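Here we start with a single chain on its own, the form predicted on its own, put down as structure tokens.
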């Protein structure tokens, strides 16, 4: 019983019971299986995105986003005049998380690859692309880069899955694939 102190104060000199050894061995084998499965899941399981991360500042990242918006905006939508940006295939594309929006909306071509850059200028946000279930943490001061190749046409929502304040539930971005 663990409710009372052990009779012998030097417990590590006591023999280990067979049932304890059995469970320790099972836990060790399971830990080794999970450890060696991680590279397999990463390469063949398509569960973890290969990404790059760079240090940045909110000012530097905002300049990159605004340069892309100024160059490739094709229309504005919603009552907040959210720019919809259609960069050329193969381009570096930028999406910015900030209280409480994903900026700008992106319009991409099906079957073309892009390098998607993500960062935040204020709080930690969660990038969740629905319904594809791609999830990343977006942290201020870091620029995450992932390679994406949209393979289905449609309208995709980007939601924040990291609680970021009172307007968190309204933080929805758009990615259109044509």
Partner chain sequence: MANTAEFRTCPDTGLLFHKPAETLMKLNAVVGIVFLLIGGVLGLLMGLTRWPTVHLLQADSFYMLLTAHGVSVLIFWIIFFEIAVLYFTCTTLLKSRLAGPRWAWLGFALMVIGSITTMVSIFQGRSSVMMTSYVPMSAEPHFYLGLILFAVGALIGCFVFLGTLVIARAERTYGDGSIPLVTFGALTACIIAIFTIASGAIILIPTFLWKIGYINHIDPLMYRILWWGMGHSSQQINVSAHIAVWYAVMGVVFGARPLSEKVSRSAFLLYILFLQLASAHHLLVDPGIGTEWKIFNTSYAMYLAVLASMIHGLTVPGAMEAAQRKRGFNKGLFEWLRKAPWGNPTFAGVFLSILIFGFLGGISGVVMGTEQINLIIHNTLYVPGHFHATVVGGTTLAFMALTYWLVPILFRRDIILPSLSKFQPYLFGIGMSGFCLFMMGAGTLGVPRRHWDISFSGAIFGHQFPETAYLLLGLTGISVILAVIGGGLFILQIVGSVFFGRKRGETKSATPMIAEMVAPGLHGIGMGGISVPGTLVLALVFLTSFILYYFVNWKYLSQVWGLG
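Residue numbers count along the first chain shown, from 1. Rigid core: the largest C-alpha set superposing within 1.5 Å between the two forms. As the structure is a prediction and not an experimental result, all values here were calculated from the model.
From this point on, the text means the form predicted together with the partner chain, which you will not see here.
- Residue 71 falls outside the set of residues with a heavy atom inside 4.5 Å of the partner chain in the predicted complex.
- For residue 86, no non-hydrogen atom is located within 4.5 Å of the partner chain in the predicted complex, even though that partner is not displayed.
- Though the partner is left out of this view, residue 92 does not reach within 4.5 Å of the partner chain in the predicted complex, counting heavy atoms only.
- For the chain shown alone, residue 26 is a contact residue for the partner chain in the predicted complex, at least one non-hydrogen atom being within 4.5 angstroms.
- For the stretch 151-178, the set of residues having any non-hydrogen atom within 4.5 angstroms of the partner chain in the predicted complex comprises 151, 152, 156, 157, 159, 160, 161, 162, 163, 164, 165, 166, 168, 169, 170, 172, 173, 174, 175, 176, 177, in sequence order.
- Relative to the superposed rigid core, the position of the CA of residue 13 differs between this form and the one not shown by 2 Å or more.
- The rigid-core alignment places the CA of residue 163 less than 2 Å apart between this form and the one not shown.
- Core-superposed comparison between this form and the one not shown: CA of residue 111 displaced by less than 2 Å.
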